[in-house]
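Okay, so here's just one chain, in structure tokens, the form predicted on its own.
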């Protein structure tokens, strides 16, 4: 680090205080949010941290000035946060930032207009990111990570401030999305319900008045929740909304949405084109799609095994595993087509032995009882139309539409 004189340190501190005071008094949110953004690692904030670590009397500067002292409860802990952040003491930095954030929300509550909303967004984002880093520091030192949970509690307070009548309420969805990120990270997704209830049932909110960015993020997370709950129709609607309204230049965001939308579409019988999987680097789904097209159970199982860790982390493994029924349906349909070519008059009579031979060709050994059970499930789920002739061990297929399409509805419907 280059030599820093006491005079230069003093100048940097008073310059920051002046810019903070001017930003608030002139309601200049663009300037204010940059003064609160730790994770930006901006040269001006890092150089301010150096000045604070040299000039130990910044608190006196603040308290002696009427111009600055009115913001002391925000700026004093913010300065302490910057010092610790620069020294990589992230737990201490988090404590100080949370204190500054609490003071800021008190000021924000008293301001009549929503002019500082973008600055509040920065605080909501920064406190979550800093909490994640602080928790990693705690875990590395053998201590219990607890800061992300604390950040969630703070954001619930912010949500309470925004969830009222007036122009500030449009900020509620951004804070909700930050809460979702925390709950998903902590594995406490059940906590999302109360916030969702507030957004979707409270009369003070009109979903369409929220910013587009926040609506897309909200639909993405609520769509993921519907996937976990196996409510595929709702998941399809929400994730499709997120995809349709996502910025087309945000390829990584599109990829994140597709990572959940593709399994949902597969579960309702809609297969993605190969170019889509290639473009968004989702080739782990390629063999699953091929398995569905071919009726190849072995290919499906090997694809699930190969990418098991990835699918488990995403929470879509069980969704994909249930595609086995569709693969069985496709296999039976292929047998039916071959039989129809050989002898159209008997195509609707399918011996269970023929199914067993087809599975054996796919290197899957099943006995008569197992195959009969699977076919019974297919008939029950309306994937196959027909009935059993138990004595002759034959499936008698309907002569009209023996293999109904899912038509956008999940198998379990």
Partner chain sequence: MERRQKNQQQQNPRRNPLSSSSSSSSSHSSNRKSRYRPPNRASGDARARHREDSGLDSGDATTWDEPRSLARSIDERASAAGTRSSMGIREQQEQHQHHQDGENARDSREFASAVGTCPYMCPVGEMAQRERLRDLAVFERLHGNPAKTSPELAVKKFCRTISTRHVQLSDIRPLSVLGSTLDYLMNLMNSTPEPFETVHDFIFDRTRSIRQDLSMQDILDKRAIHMYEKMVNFHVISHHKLRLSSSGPNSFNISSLHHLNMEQLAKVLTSLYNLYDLNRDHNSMHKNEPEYRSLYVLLCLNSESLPEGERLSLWFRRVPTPVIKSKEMTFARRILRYFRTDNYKCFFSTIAAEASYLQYCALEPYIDKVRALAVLLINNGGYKLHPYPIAHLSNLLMMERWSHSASHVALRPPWTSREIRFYPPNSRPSIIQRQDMGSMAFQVSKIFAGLSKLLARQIQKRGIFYDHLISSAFR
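Quick caveat, the model's predicted, so the values are computed rather than measured. Positions refer to the first chain, counted from 1.
One more form of this protein should be noted, the form predicted together with the partner chain, which is absent from this view; the next part is about it.
Contact residue in the model of the complex, from 145, 160, 211, 272 (heavy atom within 4.5 Å of the partner chain):
Exactly one residue meets the criterion: 145.
Just to confirm, with a 4.5 Å cut-off on non-hydrogen atoms, which of 193, 165, 245, 340 contacts the partner chain in the model of the complex?
For this set of options, the contacting one is 193.
Is residue 308 a contact residue for the partner chain in the model of the complex, using a 4.5 Å heavy atom cut-off?
Yes, residue 308 sits close enough to the partner chain in the model of the complex that at least one of its heavy atoms falls within 4.5 Å.
Taking heavy atoms and a 4.5 Å cut-off, does residue 11 contact the partner chain in the model of the complex?
Although the partner chain is absent here, residue 11 would stay clear of it in the model of the complex, with no heavy atoms inside 4.5 Å.
Even though the partner chain is not shown here, does residue 30 get within 4.5 Å of it in the model of the complex, heavy atoms only?
No, no contact at 4.5 Å.
Please determine whether residue 367 contacts the partner chain in the model of the complex, using a 4.5 Å cut-off between heavy atoms.
Output for residue 367 is yes: heavy atoms within 4.5 Å of the partner chain.
Indicate whether the candidate residues 229, 317 and 388 are all in contact with the partner chain in the model of the complex, with contact defined as any heavy atom within 4.5 Å.
The answer is yes; 229, 317 and 388 each reach the partner chain.
To test your reading of this chain, name the stretch in 115 to 123, 280 to 288, 229 to 237, 70 to 78 whose heavy atoms come within 4.5 Å of the partner chain in the model of the complex.
Careful reading of the contacts points to 229 to 237.
Across 357 to 390, which residues bring a heavy atom to within 4.5 Å of the partner chain in the model of the complex?
Residues within 4.5 Å: 367, 369, 370, 372, 373, 374, 376, 377, 379, 380, 381, 387, 388, 389, 390.
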